[in-house]
Structures are given as structure tokens and as C-alpha cells.
Ligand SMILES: Cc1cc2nc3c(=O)[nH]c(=O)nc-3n(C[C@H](O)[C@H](O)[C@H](O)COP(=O)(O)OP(=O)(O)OC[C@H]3O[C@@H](n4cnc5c(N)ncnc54)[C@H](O)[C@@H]3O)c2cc1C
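Shown below, as C-alpha cells, is a lone chain in the form predicted alone; questions about how it binds or moves come after it.
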Amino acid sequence: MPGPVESADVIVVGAGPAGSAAAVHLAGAGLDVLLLEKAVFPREKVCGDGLTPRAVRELAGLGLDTRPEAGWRHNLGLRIWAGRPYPYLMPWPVLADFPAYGLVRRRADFDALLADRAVQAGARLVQPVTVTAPVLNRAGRVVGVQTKAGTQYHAPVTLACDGNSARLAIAAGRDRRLDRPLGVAVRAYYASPRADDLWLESWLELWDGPPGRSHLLPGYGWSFPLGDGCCNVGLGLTDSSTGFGRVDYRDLLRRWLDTTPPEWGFREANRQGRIGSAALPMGFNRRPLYRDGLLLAGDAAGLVNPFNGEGVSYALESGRYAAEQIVQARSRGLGCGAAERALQAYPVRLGRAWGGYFRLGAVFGHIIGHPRVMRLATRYGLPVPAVRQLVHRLLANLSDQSPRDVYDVVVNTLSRLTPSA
């Protein structure tokens, strides 16, 4: 016997950054949105907890109050450790299209705030609910989802935002593309006197002993001060790294942190909670992004930036893009050819926005996957101020669409001329 059925204009599976952002925009446009989340908020996610100015811009568009008084930790930019005993300071650039500050907030709080914002906008949040498969009509079009509890949710359009597991996409036959980069992130929280620092920190060289006199480890590291007595500290690796998939990532994290100054507090005795790890699906690694009533967004679509492992901003943006195309389709009359063309424009729009940039990032991923090559690049490239500024803008994907300086021109030109991912 089939279970109960609920209907809506749009079903959004997953209330992370992509799903909640989409739900805010959709509900704000007057659509009836069912937002389905498998966990119960607040819930933890493995993440660096750091947000670049790209993400800050999207949060402003969602109407979130990101002032320090509202519990957000602001930061000034990046402190980069690479190739010398003292770091490079790289402030966030002053641009027209993006704010000149970043944010830090634990994902347990962050995601709950986004889901609450979606509810405030009018979305109907259902939690916990585990989606197991799409519901198809006779023509093979997705017209809803089936849950583990037996309930079916029906809608003319479904948006899969269920993270790197991508269960709904896989159930709908959207397999991962093996020619796209894949990464892994490992992180833990440490009580540290550096928790009130105003800079995000990144290490482009990881050593298991004294720098220059020990073994280079694969990947890159970070420390993001949370302002609550703790730092989020972790490392990321790509599948171009030696031993990817066979490395004990937790041991790798400990070996690297044992080389940091003891007074920083990045030691097992100061660890708060577990060491967590998660996959980083990069560069449009799941296709098609739209077909037969089902759109993919965020990590479910493989939209992590191959340059720096950043996923939240692209999740927020893709959720907005998906919502805008769905609103366009509904205004034309869902089910007609004109509405279908609006939905089919979604992957085209993402390709134009990030296709070339993500392809460049895949090349960069191969570089950081080989520690000695990365060491040469940091030793001879980063000391040059112009190169350092260009790398900073390129890695964070921060440039004005109407170029205001040479860095905007270079980043935009490289992204435009590179074949799309």
C-alpha cells in the first residue's frame, strides 16, 4: 500500500546551504516549498567553517544579519605560510562586487540559521526525513520523492541538495564523473589562544618535522579562529596526491599539527570533539545538472572549488540560480516547452559562471597534489607581490565582472578562455 502523499510547487531535498538558500528565494517568490532534511537541527557537518567574501555576498542577499553582534566572527583575509619561516598577509581585496571581509561560524549554527531563514520566508521544513528515491511518472520524469518512512512528496520540480552523498542524484541515475577532481577534508576543533585572531590561516606546505629538514606531506592545511576559544584546524587533499584514498588522514593531521608551535594549542590534549572527514566533490563532477524535472545544486552537483576546497559559497549561489530558473519556469507555466527551456538554462548558467574557472582549478589541484612542485611554486612565485595578489584573487575567485584593475582582467580572461569543466 502506498503511504501518504503531500504536494508542493517545489521539493528541495537537503537543508544545507544550497537547499536553504534555494528555499528562501523560492518561498520569497511566492512558491509553496517543501524543504526536506534527513537530520534534526542543530546538526554537525565536517567543514572549515570559514566563509569568503563570495559567501558573505550571498548571505546578504538572503537577508541574514551577519554583524558581530549577531554572533558572526569577521576576518580580514588570509595569512599564508609557505616557503619561509614567517607568513604572507593577504587582505581580502576591496571590490565593487564583493565585501572586503570574510566570516567564520560553526556549521552547526550556520546551517540552522539558514534553515530558520527559509522557514521565515515561508518554506515548510520537514525533519527528520530520509529521501530514498525519486518518484517517476510514466514518461520517466521526476514528479516527487519517496521517503524511508513511506511518505511520498509530489511536485512538478525537485531540487537535490543532499550534499556529497548525492543519494537522490545517484538514485536518479546521475553517476559521478571520474574525470573530475575529488578531494577530502579532515578537521577538528582545538582550544587555542589563537581563537580570537582576525585572520584565516593557510599552509601551502605541510611537513612532518622541521620545515626543509623533514618530509613534505600532501595537501594544504588551515586554521580558522572561531572567537569562542577554539580554532577549526584541518587539512585537505586532492585525488592527484600520492596515496589518496589509502592515507590515514587522521594520523596525517596529527603528524602535521605536532610540528606547529606548542603554545598554539593544536595538540590532542586540547582537541574538542572528534576528528571528522568528508569528501569534496569538485568541478561539476555529477551530470546532468538538470534533466526530467530534477535539478542538482551544491555538493550534490559537485560544485566545490578545485582551487581551494571552498563549497559553501557555490552551494549558496547554485541554490539561488536554481531558484531563479524555477521561478522563471513557473511563470511560463510548468509543463510547457517554454518552462522546460527555463529549467534547461540552469546548467548553461552554471557553466558560464564557473566552467572555465573550475577547469583552471583542476590544473591547480594537480600542482598541489605534488608537494615538491608546490614547494617550487611557493618559493619562487609567492615572494613576488604581483604574483601573490593574483594567486590570492584567483584562488578565492574574487574579481569584479566590470574590471577595475589588472587582476580583474587576468582572472576574468583566464576563466573565459579556458574550456569549460
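Predicted model, so just to flag it, every value in this text is computed and none were measured. Numbering starts at 1 and runs along the sequence shown.
Omitted from view is the form predicted together with the ligand, to which the following refers.
Interface residue remark: residue 107 is counted as part of the site for the ligand in the predicted complex, having a heavy atom within 4.5 Å. At the 4.5 Å threshold, heavy atoms of residue 224 reach the ligand in the predicted complex.
The ligand is not drawn, but in the predicted complex it has no heavy atom within 4.5 Å of residue 23. Residue 278 belongs to the set of residues with a heavy atom inside 4.5 Å of the ligand in the predicted complex. The chain is drawn here without the ligand; in the predicted complex, the stretch among 93-101, 136-144, 78-86, 306-314 whose residues come within 4.5 Å of it by any heavy atom is 306-314. Only one of 38, 393, 366, 359 comes within 4.5 Å of the ligand in the predicted complex through a heavy atom, and that residue is 38.
A heavy atom within 4.5 Å of the ligand in the predicted complex is found for exactly one of 332, 74, 167, 287: 167. Proximity of 28, 62 and 115 to the ligand in the predicted complex is absent: no residue of the three has a non-hydrogen atom within 4.5 angstroms. Residues from 46-83 that approach the ligand in the predicted complex with a non-hydrogen atom closer than or equal to 4.5 Å are 46, 47, 48, 49, 50, in the order they occur in the chain.
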